[in-house]
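Have a look below at one chain only, the form predicted alone, in structure tokens format.
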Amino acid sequence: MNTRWKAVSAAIAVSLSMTAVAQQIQVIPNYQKDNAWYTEAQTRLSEKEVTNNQFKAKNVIVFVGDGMGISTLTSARILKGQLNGQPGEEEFLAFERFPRTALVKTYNVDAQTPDSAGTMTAMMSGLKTDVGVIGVNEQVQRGECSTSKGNEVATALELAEIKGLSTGIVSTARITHATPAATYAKSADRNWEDISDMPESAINQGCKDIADQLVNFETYLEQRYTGIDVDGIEVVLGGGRRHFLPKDESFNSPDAGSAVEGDRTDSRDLTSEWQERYADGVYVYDQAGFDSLDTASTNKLFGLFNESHMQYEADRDNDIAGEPSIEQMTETALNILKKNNKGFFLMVESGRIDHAHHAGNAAGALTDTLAFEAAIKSAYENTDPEETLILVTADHGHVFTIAGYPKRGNPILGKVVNVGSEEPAEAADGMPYTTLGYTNGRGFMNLATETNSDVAYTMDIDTGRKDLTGIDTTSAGYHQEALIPLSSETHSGEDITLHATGPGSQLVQGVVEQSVVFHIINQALGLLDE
């Protein structure tokens, strides 16, 4: 083609293109292209067009909302919007704005509906395993110590330690509970939180309880890998003091709630053992101690703020000596971990979302989800997005549903009010019903302003339909109806989400097995490169 024909062809192409644009403009009326929904979608799409070709990160933070299934995310974002005076449905949780998202399959090797031990082991080690076991593969028989020998798996936190990164664990649950334990422990049974929980045979065979493994993490890791020299976990914050203290009243913490706080039957005080090992470390157990921390001079921090799990977010003000929020704990952990020029690995778990769901209390679960969101938002704002990969996920969902046909802006914790109506809709049995509900569990409870979801376990199971006329279902103490009576509401087997931002987040896409989370962390930090 000669130059003249090239020019003519180009002119024709431009002309056709301009004609197409003109036709598109004519096809899309102004009231459509100027519509807020239309422009909002265009803006979000444009943001996703921005690509980041950097795959290596200096730091990784993994946020795990225990039990934070997709229905929990949807209802929490609606509640967030409604608390801000909006209808709610249009709201986003902060991490839902992250550029990358994937769906995650959660089943365990031997279970269609998983537990936290198996799922967190998958995320931390890169392989799936059985329900109820921690830091070991599926060759282990649960509860049989001898089968765990030789089947221990390496975790992201351990590999980060070996690489010289700073490491941290934060949880609102007991720090020896399944999710945080899967970052550092190896156990044939998730319930071996202290020695009093273990069978004699397991003790005689040399298995260690989970609390012991946390305090002696540095020693045990160096024994497993000849020639390595690690300096131990820099930050440990959570609940679960009872597993670290002797079963002796004289060892009670100043804010003990029980007559005898500790559970250990071997007379060991692991908080003292930790302080002896890390002479420059700081041990705290209450809000005052936490508030007095100087993170600039603190290089090792151990905080146990409750005998068992920490308080629900809505119940924190009722704690005997006060407890820091998950946002405060995350900020403090980051201030300490960021001092390592090599980088850090931090895992933050919101454990109480799961517990409120088990108790059938949606208000509690959503309140803790919003507190979790605040911690994630703070972490994003206080780290460099060019060097920090942030992953937000759950371990599993719950049998928690959003149903009926409530009109836009109807209180998410309220009764269903149909479109065009001002009165609660009636079901076929002539009674009103709530938007949120559980398939199984302890069922209906009207506990008014009670913010401790666990009070449900002191009440009788009361499943099936109830007449909710005159009952304020939006109160903190309302527990939703359930169909099937069980002593505790259960996990679900549905997929959960993985949200990501930062270098390496480009790999978070599609539908993935839960074990892929480890490989994303490993890829970003190059944990196996050395």
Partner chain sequence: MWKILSILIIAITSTQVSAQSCDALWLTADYDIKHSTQAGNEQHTKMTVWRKPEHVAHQYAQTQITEMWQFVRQGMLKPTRYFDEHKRAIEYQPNELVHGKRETDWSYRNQLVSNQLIDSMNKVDERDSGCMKVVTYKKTLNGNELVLEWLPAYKLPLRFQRKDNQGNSIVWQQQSLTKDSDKVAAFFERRDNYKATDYADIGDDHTDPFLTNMVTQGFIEQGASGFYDTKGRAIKSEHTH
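These figures come from a predicted structure and were not determined experimentally. Positions refer to the first chain, counted from 1.
Not on display, but discussed next: the form predicted in complex with its partner chain.
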Please pick, from Asp286, Asp454, Glu152, Asp212, the one residue with any non-hydrogen atom lying within 4.5 angstroms of its partner chain in the predicted bound form.
-> Asp454
Among Asn84, Asn341, Thr226, Thr458, which has any heavy atom within 4.5 Å of its partner chain in the predicted bound form?
-> Thr458
Give a yes or no for Lys415: in the predicted bound form, does one of its heavy atoms lie within 4.5 Å of a heavy atom belonging to its partner chain?
-> no
Quick one: is Ala259 in contact with its partner chain in the predicted bound form, heavy atoms, 4.5 Å cut-off?
-> yes
According to a 4.5 angstroms non-hydrogen atom cut-off, is Lys247 in contact with its partner chain in the predicted bound form?
-> yes
Do Asn191 and its partner chain share at least one heavy atom pair within 4.5 Å in the predicted bound form?
-> yes
For the chain shown here without its partner, which stretch in 273-281, 442-450, 382-390, 70-78 has non-hydrogen atoms within 4.5 angstroms of its partner chain in the predicted bound form?
-> 442-450
Taking its partner chain as it sits in the predicted bound form, which residues of 341-363 have a non-hydrogen atom within 4.5 Å of it? Please list them.
-> Arg352, Asp354, His355, His358
